[in-house]
Structure formats: C-alpha cells, structure tokens
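Take a look at this single chain in structure tokens; it is the form predicted on its own.
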C-alpha cells in the first residue's frame, strides 16, 4: 500500500481518535518507538493514541518511552536506552533543536531511521544533502509559524486592533515555540495599532508565567493581551489575569487545547485556543516510518492542521474531538 493510501486510510480513525477497527495481521518483526517531549502532557498522550491506532492498523508494535519533563538532559538518556533496544525506527519530539542533534546522530549511525514529530532538529529541513542535522527521514508536525499567525489574527480581533501585547514563551531553542512566536510577530507587523512588548520566558513554569504577567502589567497598565505559546505559558498567563482581576480586560490566546485550557475558556480566562491535531501527528508518524521501513519513498515533511476553539464552538461535538485527552 502506498504512503498516500495509508495516510488517507488513517484520516477517519485519527479524526475520531479511536482504536483502529480490526488489527492487521501481526508483523512481530517490526517495532517503532515514539519518544515524546514528555510523557505527562495531554498533547503527547493524545499523539500516542494516534500512533497506537496506526500500529494496530498495521499489526506492528509501537512503544512509548519518554521522560517526565521537557528537558534535553532528561530526554537524551531515554533516547540512548531506546537506541540500545534497536527498534526498526524512532519517532521523537526533540526537546532542543541543537542539543539533540548529536544524540540523534547516534541512532542514525546505528542504522535506525529517525523521524521527528512536533519538534525538529537543526532548521527542520531534512534529506537536503547539506548541514549537520538533515539526516532524519521526515518531519511531521503542525505549521507552527502559521499557528502563530492564526494566534495573532485572533488576538487582533479580540482587542479591537489596538493595544499592547506580549508573548509568554518557554525558552529559546525549542523549534515549535520559537516558530509560534515568529509567526505571531510576523502577523502583528500587519497591525499598526498593536505594540508587541518583549517576550517573557518562563521555563515551562506556569507559576513563573503568572508572576511575569503581573510584572508586565505593572510596567504597562494598559496591557491588552497575552499569547501563551504553549500550555504552561497560557495557563500561567490566565492565572495572572485572574489574580489581577483583569478577566475580560486582557485577552489570552492559548496555543494547544487540553481540557484545562477549555475549562479556562468556559471560565472566561482564555479567549481562544489554537488546537493542533496531535493524534494525526502520531498516526502519520507511524505510517511514514512503516512506509520507509518497507522500502517506500516518503516526503521529508508532512504538515497537519489546526482547529480554533472558543466559547461559541467549544461544545460542538465536531470541535470537541480536537481537545487533547490524557485518558
């Protein structure tokens, strides 16, 4: 079966985020390991459900191994352990675009195909024949620059095209959040009435993100909005808005859509969530790895979409299937 057919066949299963209908004939000799950014995040748990659905459809084994924190120093030992297990392919969400190059090269040198999902190494341009980080087979993820642009357009509409805003981000060097910030700022350049203040880096700590909101608000009492470039950035910003009594006055745009963010939308603390489709990423990742293992050509990049969730559509069953779940 060609890759295009495999991907199309997966669309319904992934959209429903349900197990595959009937497992294919078992192929015990193929094992793929998915290494997430961290194991406790609903985004990656949802991604694993998509990966497992693909594994069931193909009759192959898909393992899920990772660290509990989004840190290169914690992910690298997990990766080394997986390399020692010699799977047929590794799917990984690298926790740093630079620090994971050499650890992943060890997998490549061991003859294990590498596919990055959600995040990338180097500049994300693979199989080009140049650069020191182009050896992964493919990169499967949302278009994070476009996601940042979507967030900026949502912010501009929420604040009436005027005011001061800032980006709450994790830290430099994470490919996805770097690109979301980039896209946000690129789009905001089209809105003359909006001033983008300095980015605040919170090291994935919602409490720090909340404190940073208080500090920015103290410096700029006319603050109009915050873009949380990932889950903890958005949760922290929302908590800061609530503590300052600014609900309904300062807009919060969140990237990613676990139930906690949906609850904040319901409570009026978050205006809009930009939901990725992590189950699709996991499903397509396994399908792409399987296609490569079985001798088919695969594209060096596969993009997945977004769904915008707000108070008006959050209860629509067609929208709710894109809410991330840790179950």
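Residue numbers count along the first chain shown, from 1. Predicted model only: the values in this text are computed from it and were never measured.
Just so it is clear, the following notes concern the form predicted in complex with ligand T6T, a form of the same protein that is not shown.
Student: Considering ligand T6T in the model of the complex, which of 76, 119, 239, 212 comes within 4.5 Å of it through any heavy atom?
Tutor: Exactly one residue meets the criterion: 119.
Student: Of 231, 154, 188, 83, which residue is found within 4.5 angstroms of ligand T6T in the model of the complex when only non-hydrogen atoms are counted?
Tutor: It is 231 that has a heavy atom within 4.5 Å of the partner.
Student: Contact between residue 41 and ligand T6T in the model of the complex at 4.5 Å, heavy atoms?
Tutor: Yes, residue 41 is a contact residue.
Student: Please check if residue 284 has a heavy atom lying within 4.5 Å of any heavy atom of ligand T6T in the model of the complex.
Tutor: No.
Student: I'd like to know if residue 290 sits close to ligand T6T in the model of the complex, meaning any non-hydrogen atom pair within 4.5 angstroms.
Tutor: Contact check for residue 290: no, nothing within 4.5 Å of ligand T6T in the model of the complex.
Student: For residue 256, is any heavy atom within 4.5 Å of ligand T6T in the model of the complex, or not?
Tutor: Yes, residue 256 sits close enough to ligand T6T in the model of the complex that at least one of its heavy atoms falls within 4.5 Å.
Student: Look at the stretches 172-180, 194-202, 158-166, 239-247 and give the one with heavy atoms within 4.5 Å of ligand T6T in the model of the complex.
Tutor: Careful reading of the contacts points to 172-180.
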